[in-house]
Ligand code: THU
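What follows is a single chain, given as structure tokens, in the form predicted alone.
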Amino acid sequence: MKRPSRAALFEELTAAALCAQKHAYAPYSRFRVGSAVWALNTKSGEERLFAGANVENASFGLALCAERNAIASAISEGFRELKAIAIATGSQPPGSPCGLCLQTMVEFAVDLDVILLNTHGDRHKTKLSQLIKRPFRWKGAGTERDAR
């Protein structure tokens, strides 16, 4: 899929995140989150959207965040470079990603566009670097990312 214009991309991500939010499984917290990530397959050059919703568990440490679900979907299909992400919550103002999600984003993106939104129509566009000022980066681990 060819990358749409920046404005169209943000609208597509926003709509997909809000749609994914409807599928969240949040019986404990009632805090439903949806996310959509635009990612690049560096081998084929293809770009695509992937969505995810939060999935809670009675053992709270086993809960899966919407952001990590969307990113894991992209990675599992070979899309390893994140370009933009939208995160939909019901909170006012829109909620920010947790530390686990921020660190996961850093693993696959240097400084991606982040759209925080809610079901009340509020939107906040920012950059990953504004949400995580000093991310942990492992240098020299021999990972695929270090080889680039």
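In this text, residue numbers run from 1 along the sequence as written. All figures in this text were calculated on a predicted structure; none of them were measured in a lab.
The form predicted together with the named molecule exists for this protein as well; it is not shown, and the discussion that follows is about that form.
Put simply, of Ser96, Asn118, Asn41, Gln103 only one has a heavy atom within 4.5 Å of the named molecule in the predicted complex, and it is Ser96. For the candidate set Glu56, Glu107, Asp113, Glu46, a heavy atom within 4.5 Å of the named molecule in the predicted complex is found for exactly one residue, namely Glu56. None of the heavy atoms of Ser91 is located within 4.5 Å of the named molecule in the predicted complex. The shortest heavy atom separation between Ala84 and the named molecule in the predicted complex exceeds 4.5 Å. In the predicted complex, none of the heavy atoms of Ala51 sits within 4.5 Å of a heavy atom of the named molecule. Residue contact with the named molecule in the predicted complex: Ala66 places a heavy atom within 4.5 Å of it. Residues of 22-36 that come within 4.5 Å of the named molecule in the predicted complex, judged by any heavy atom, are Ser29, Phe31, Val33 in sequence order.
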